[in-house]
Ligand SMILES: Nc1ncnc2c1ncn2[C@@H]1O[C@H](COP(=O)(O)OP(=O)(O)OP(=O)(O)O)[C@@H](O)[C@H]1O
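The data below hold one chain only, encoded as structure tokens and taken in the form predicted alone.
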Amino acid sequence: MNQPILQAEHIQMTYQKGSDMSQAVLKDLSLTVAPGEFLTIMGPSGSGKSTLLNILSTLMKPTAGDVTINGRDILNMNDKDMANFRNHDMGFIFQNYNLIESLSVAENIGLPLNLQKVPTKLTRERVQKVSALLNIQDLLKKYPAQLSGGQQQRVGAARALVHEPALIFGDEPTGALDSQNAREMMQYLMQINQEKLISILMVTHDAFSASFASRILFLTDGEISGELIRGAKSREAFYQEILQALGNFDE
């Protein structure tokens, strides 16, 4: 069996609310992401999914537990090693794009490679390649303010992909998009996942976006409360199964 791209074991997160009060947000939670898997985490507001994503993506340290990504213990790295690891092994797609307004589209996409000091010629080749994959090659000379929301999100996805990471994290990547752009964004992510075999871990509240994943974990009150596996089902059939599961959780 292949080693998981991500393995989280016994994750706990507790916030101190007062001198003698604490709130447990995550409770002894464990999960894995397999090589080439597209895993989505769903749950109501306050379930702990954003906290979990922040921990798994190295933005926050848990109260207890272990996280391994691509064979590396991410909780015990120093700042320099962590920055280097993020630049090489991880990609991020944010809800609000997080593009740098003063940089062109090409410069925004190539930023992770520039941080790695990749030669200019290779950076240009990688930017061209990933922009063609996401159908934004005609936007490379433009600036973020000149783009639609859907175009900005595709630029953000290209930036997450350009350095060929082992794992991409998505934080509500369609949350700021209309339905047509959301569909296109998820189709691109599914294509990237299937063709490039890049693992994706996405947090979303949206059943339609979640239906593009291969597996879904449901979070309730800081614990995994359910799981759905797409298997051979069509995306449409999986979408209906997700809606039914969400209805059961609401009851």
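Quick caveat: nothing in here was measured; it's all calculated off a predicted structure. In this text, residue numbers run from 1 along the sequence as written.
Another form, the form predicted together with the named molecule, is not on view; read the next lines as being about it.
- With the partner omitted from this view, the residue of 193, 214, 50, 58 that lies near the named molecule in the predicted bound form is 50 [heavy atom within 4.5 Å].
- Partner proximity in the predicted bound form, defined as non-hydrogen atoms within 4.5 angstroms of the named molecule, places exactly one of 22-30, 65-73, 184-192, 206-214 at the interface: 22-30.
- By the criterion of a heavy atom within 4.5 Å, residue 36 is excluded from the residues contacting the named molecule in the predicted bound form.
- Contact check for residue 226: no non-hydrogen atom falls within 4.5 Å of the named molecule in the predicted bound form.
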